[in-house]
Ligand code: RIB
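What follows is one chain in structure tokens, specifically the form predicted alone.
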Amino acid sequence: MTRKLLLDTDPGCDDAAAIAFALGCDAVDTVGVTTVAGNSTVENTTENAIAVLEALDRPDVPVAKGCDRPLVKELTLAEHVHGDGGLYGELTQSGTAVDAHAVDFIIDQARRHGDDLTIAAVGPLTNVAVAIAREPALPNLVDDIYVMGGAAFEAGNATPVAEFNIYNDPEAASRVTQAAEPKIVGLDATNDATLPYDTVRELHDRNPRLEHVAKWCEYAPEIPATAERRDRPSLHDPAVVAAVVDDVVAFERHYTQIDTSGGLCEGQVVCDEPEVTGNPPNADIAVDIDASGFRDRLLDAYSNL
């Protein structure tokens, strides 16, 4: 049976690439896109989400605009990575978001689809945290909540220990981790979810829709290039879609907390790997990805667009 998928996102180039992945994948039916502030303002991420769907000839997928700032801290943008307005490429949008706020939309879809629904949150977790506060049963209503975020055992990309999405709203990430037992797909796996630039360039030649996808895939990487990744960008958010649709990501269960101290370690995903706290595991942490399998599934989905 086709899995229902709700994408909570802040487009963002790799967010747009993840939307394209989901739309081209036969294993999922994308029931909606909710937007949050992160890579750019929520006004921009909402316009970007609508423009991406229209560029991929899927204006039927509803977009719901969400939270415009983190729960506690000031908003940090990443337009230096994703381009002015949050998205490279010249896109226009004629449609509008639905009337419902993203938080209400998430709750409504969870109640409507129940455990047929998977939520993939690939931006800051503000919308999901507020939805759980409004409907505490949300994690039990849906099948799974996947999160793109964190650097449990790798270095961070926003600070030495924190990944951007979690660092952007650590209090929201803490709430989701405490309440939802999420599947956290962070830099430990997504750094290796790469697509060679030669392959990206080939996408440009296939059809006009894939020209847009290729631009999103070749965005400026937000982590310093290493020797083994200099010729291939990491596609963090598409890796989450791959984890939803197929068994390409390896997980370990750990007791996990998010640092909300406001200090140097703010936003760090802290896993009790040595099991010294005695607390039961509360999250599945991605520790590895089958990079070749990821690329195969990504390109298969893009070939369907």
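All values reported here derive from a predicted model rather than from experimental measurement. When you see a residue number, it is the position in the sequence shown, counting from 1.
Another form exists, predicted in complex with the ligand; not displayed. Remarks below refer to it.
In the predicted bound form, no residue of the candidate spot (Ile19, Lys65 and Ala102) has a heavy atom lying within 4.5 Å of the ligand.
Contact with the ligand in the predicted bound form, judged by any heavy atom within 4.5 Å, is made by just one of Ala189, Ile119, Met148, Ala131: Met148. For the residues Asn157, Gln109, Thr177, Thr194, the 4.5 Å heavy atom test against the ligand in the predicted bound form is passed only by Asn157. Between 158-166, 195-203, 109-117, 92-100, the stretch whose residues reach within 4.5 angstroms of the ligand in the predicted bound form through a non-hydrogen atom is 158-166. Although the partner is absent here, Asn39 sits close enough that one of its heavy atoms falls within 4.5 Å of the ligand in the predicted bound form. Taking the ligand as positioned in the predicted bound form, none of the residues of 250-288 brings a heavy atom within 4.5 Å of it.
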